[in-house]
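Take a look at this single chain, the form predicted alone, given in structure tokens.
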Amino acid sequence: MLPDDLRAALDQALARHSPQELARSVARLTERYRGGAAGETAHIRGQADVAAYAAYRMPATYEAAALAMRHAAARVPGFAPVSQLDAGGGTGAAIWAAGATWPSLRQVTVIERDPQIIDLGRRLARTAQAAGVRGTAWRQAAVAAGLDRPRADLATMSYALGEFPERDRPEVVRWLARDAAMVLVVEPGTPAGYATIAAARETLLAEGLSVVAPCPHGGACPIEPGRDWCHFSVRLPRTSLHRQVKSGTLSFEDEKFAYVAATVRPAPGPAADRVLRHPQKRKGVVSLRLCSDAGDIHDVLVSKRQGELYRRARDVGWGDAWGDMLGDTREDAGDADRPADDAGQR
């Protein structure tokens, strides 16, 4: 759920436009985007488009960034950033998510190239209860490896790295990580988005950072490119306006995303395994597909006979940590990095 202050500010901003006008803008943006231009914001032309973009993308971006941040924060419980740099920040979803995750934030900078998007982001941020979000400095500039930037404890980039030519992305990641204690990059949960995250992960590791989420290890990713991809999902409710704008009928939507979080210092303590797919629940049995701290992917079966462990397995979700020592509950995963058969996991 969006925080109350952000939801109220977004509703107020959207009230300047009729639902029909916003729906038309969403349709135009979607058509232009599918027409081949790179970037979510590449086709924004006017205030109605900006409002429509915020209406149909900001809730999903917020939820994906917030979940990734919660996973990262759980791995580094002592991390209390004071400053944040959000590169290619759009209307600011990631700074709201960071403010909710780390109340210690006081100095926040967003770099965004579109002045109309900055205008809306600034208006939304001024209503925030979190002091760091409320006092955000908005800078109009195109993100580039040579761009001067403030030092920040937390450096974030959400749904923006994939907009760069592939050859430029390593330098952008190195630029983002410069002098940062934690770096977090989020991309769409598609094969292309995962490939962007996987490459960013390799760059961060080469720069000497330690991956803390979602991977429980710092070795090579065990997923075979082209056969599967590492991604996660968060479910968010749709308001009536959201349904009108997106011409949807369901009261919710699922945002699929891929991400990596890395820190300058290793996280304290061993990492728990990560649940890579929706747990498969059958009568008396839960099957989990896990990425382990040993750098492999394996399946485990937890049966009702295992009591409390089974009850925990019934409650665990896709993307959660699974830290129990399961011993010989591993089942033969066979080709463990093959795509799962359940189409609902995509």
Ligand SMILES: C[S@@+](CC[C@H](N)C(=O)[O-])C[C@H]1O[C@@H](n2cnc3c(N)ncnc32)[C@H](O)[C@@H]1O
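Residue positions are given as counts along the sequence shown, with the first one as 1. As the structure is a computational prediction, the values presented were derived from the model and not from experiment.
We do not show the form predicted in complex with the named molecule, though everything after this point is about it.
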> Taking the named molecule in the model of the complex as the reference, which of A192, A137, A206, A142 has a non-hydrogen atom within 4.5 Å?
Replying inline: A142
> Between the options D228, D273, E112, D153, which residue brings a heavy atom to within 4.5 Å of the named molecule in the model of the complex?
Replying inline: E112
> Should S158 be counted as a contact of the named molecule in the model of the complex, where contact means heavy atoms within 4.5 Å?
Replying inline: yes
>> in the model of the complex, is there a heavy atom of the named molecule that lies within 4.5 Å of any heavy atom of E171, even though the partner is absent here?
In response: no
> Does I117 make contact with the named molecule in the model of the complex, using a 4.5 Å heavy atom cut-off?
Replying inline: yes
> Heavy atom to heavy atom, is G89 within 4.5 Å of the named molecule in the model of the complex?
Replying inline: yes
>> Heavy atoms within 4.5 Å of the named molecule in the model of the complex: which stretch in 220 to 228, 160 to 168, 207 to 215, 96 to 104 meets that?
In response: 160 to 168
>> At 4.5 Å, heavy atom to heavy atom, what parts of 46 to 76 sit next to the named molecule in the model of the complex? List them in sequence order, or say none.
In response: Y53, T61
